[in-house]
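In the block that follows, a single chain appears as structure tokens, in the form predicted on its own.
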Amino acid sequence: MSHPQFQWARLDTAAKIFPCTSSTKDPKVFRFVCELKEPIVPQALQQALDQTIELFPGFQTILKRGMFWYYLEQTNMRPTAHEECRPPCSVLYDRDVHTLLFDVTYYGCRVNLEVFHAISDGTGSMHFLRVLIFRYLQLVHPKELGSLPELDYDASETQSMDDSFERYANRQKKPKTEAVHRAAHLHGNKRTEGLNVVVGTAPVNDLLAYSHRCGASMTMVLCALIMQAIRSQMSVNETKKPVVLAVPVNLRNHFRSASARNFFSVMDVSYNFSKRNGSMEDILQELERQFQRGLSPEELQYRVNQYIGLIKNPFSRITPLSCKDFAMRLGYYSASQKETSAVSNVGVVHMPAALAPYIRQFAVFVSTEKLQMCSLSYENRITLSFSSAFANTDVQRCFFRSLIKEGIPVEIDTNLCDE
């Protein structure tokens, strides 16, 4: 089904931070990748993109500055699928040039979807890529796939464009939480251009079996391994501070929403190696406690309220946008000092079984000024993708060696020519 076109829309509540904090070093862009088992046919990809954009009205927009807030304006610009020609996660939003805020590229067997975070989060963008790949494979293989029923994503325009923060905010007070004032940080030479990307692919069954042996969820095991890898690269002074990981939480898993816009929050989990023994068992025990607290209904509701509280504040509403930008950049910098790195488990990608013979794997990674790991799984393959602003890859090496030491085979792919 196609949607009627809206004229303009306010940025969703969570998206308001992205335009004022995007930069050439961290343009707030993430990339989803689908790797097929056959080379891409450009004409079919363009045709599939033309069909897909009709289902996602929030993607066919440009970003403009108002007197008090940014807003999205519907545009007649049509997206063009083209061969990859820039480094991954390059700038998509330029305040002086009005362009679409997403890009579809291809190279060999890969299709890349890059998105400026102001228009969607990982879940919303994954829906877009799933529909795109589904339509593309139907066009390329009409005899085998042409009669398949539509995918499970069929949100109306209202549902797709919903700012779910506003729908679920209430007046609940803040629960008691443990405050972290300053986290340990990684140090080293930064790359002068582009991201350092290292993608490891492993069997899901093997990683799940390891997680079961540890008695923890896969996300907690990945967090623990990264904490240990970071600890191995920390200076003596830095070990006095806790390692803090920012873990995005998909709020759709806790509040009903079909929005293709941003509806996520961030939970910080920490471990102080100077005050505890640093064993895998102890880290997982601490993470278990923090995950239970961070994912409690009271904590999740508070995070929804926190976003809305800032937006609805009477003083904030009448403050000019330029002042808001300055204040939000200060707040963002302050928050970033309390985090060492970030880990995002996007979850499982579901596609019709008939498409499995044509799809090798999916992957996702993000722009960052630090180090960040994103994971997702499809069939029995999980991709663990590190993006980093640092030139060295010592943390990534330590992390993947930990998996291999546990008997989990890992295939490594990277954009580093000298690795």
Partner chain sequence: MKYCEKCGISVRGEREHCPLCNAVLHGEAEPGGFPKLPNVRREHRLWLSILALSSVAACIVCLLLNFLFRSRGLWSLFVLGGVACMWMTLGLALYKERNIPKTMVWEVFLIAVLCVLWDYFTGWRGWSINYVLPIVSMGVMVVLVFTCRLFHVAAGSLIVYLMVDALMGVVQLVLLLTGCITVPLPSLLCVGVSAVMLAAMLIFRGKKVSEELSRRFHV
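Numbering follows the first chain given and starts at 1. Keep in mind it's a predicted model, so treat the numbers as computed, not measured.
Below, we turn to the form predicted together with the partner chain, even though it does not appear here.
Scanning Thr368, Gln60, Thr52, Thr393 against the partner chain in the model of the complex with a 4.5 Å heavy atom cut-off leaves one residue, Thr393. Screening Ile318, Cys323, Val236, Leu330 for any heavy atom within 4.5 Å of the partner chain in the model of the complex leaves a single hit, Ile318. Checking 192 to 200, 222 to 230, 298 to 306, 264 to 272 against the partner chain in the model of the complex, the stretch whose residues place heavy atoms within 4.5 Å of it is 192 to 200. The partner chain is not shown here, and in the model of the complex it never comes within 4.5 Å of any heavy atom of Gly347.
Interface residue remark: Glu281 is not counted as part of the site for the partner chain in the model of the complex, having no heavy atom within 4.5 Å. The partner chain is not drawn, but in the model of the complex it has no heavy atom within 4.5 Å of Ala353. By the criterion of a heavy atom within 4.5 Å, Arg213 is excluded from the residues contacting the partner chain in the model of the complex. Of the residues in 389 to 413, those that come within 4.5 Å of the partner chain in the model of the complex through at least one heavy atom are, in sequence order, Thr393, Gln396, Arg397, Phe400, Arg401, Ile404, Val410, Glu411, Ile412, Asp413.
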